[in-house]
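One chain follows as structure tokens, the form predicted on its own.
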């Protein structure tokens, strides 16, 4: 890739800005100043800007612990989004959320620059499971388990059969795990509403083969390991 294009992609500035930086000698590649904006640079090359080493990875897939109150969107003029939790370079890299979590839903969110991988992970035909922990405002039992297993008819679509595992149940509150294959808008909340229960807390703890890293705090993120990337790709083959 051209050096100027790489720097623009990494969010170092506009094309004219990075070209000026390069010509001024502010950029080194493998320890040597490079003043030609059109110079070819490998992605794994050691590149510095004003003495600071740049992370030149152009392909990124990360796991983020989405907190409540944050939109799953690329940008919003009025409210914070998950992209605000990542370095600015992720926007220019095109690292986008894989699906959505509602504003008040917490937990595991994947973001990737790999559009093909994202599409396959979200395709209902691939049957990639998503597991949520839900707290609802009343009892859950065999009737609700059966309704989820049969598939629920909602106003605009029929939700595919889902696995509902009740962890605790009382007249005031229940906690359950829900495993679905789809990712429709507000789907889990709407499925519970269809059986007469309101979700008061919703947390995604698993996406396909990946479980939310227990070391991540709300708002924290990390790159996926190579083993995790291989597991994701295997899940959609």
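Numbering follows the first chain given and starts at 1. Keep in mind it's a predicted model, so treat the numbers as computed, not measured.
The form predicted in complex with uracil (URA) is left out here; the points below concern that form.
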Could you confirm whether residue 188 comes within 4.5 Å of uracil (URA) in the model of the complex, counting heavy atoms only? yes
Consider residue 101 of the chain shown here, and say whether it contacts uracil (URA) in the model of the complex, taking contact as heavy atoms within 4.5 Å. yes
Considering non-hydrogen atoms and a 4.5 Å limit, does uracil (URA) approach residue 41 in the model of the complex? no
Just to confirm, residue 112 within 4.5 Å of uracil (URA) in the model of the complex by heavy atoms? no
Note: uracil (URA) not shown here; in the model of the complex, the stretch from 180-188, 31-39, 207-215, 54-62 having heavy atoms within 4.5 Å of it is 180-188
Considering non-hydrogen atoms and a 4.5 Å limit, which listed residue (176, 47, 70, 202) is close to uracil (URA) in the model of the complex? 202
In sequence order, the residues of 118-134 that place a heavy atom within 4.5 Å of uracil (URA) in the model of the complex are 132
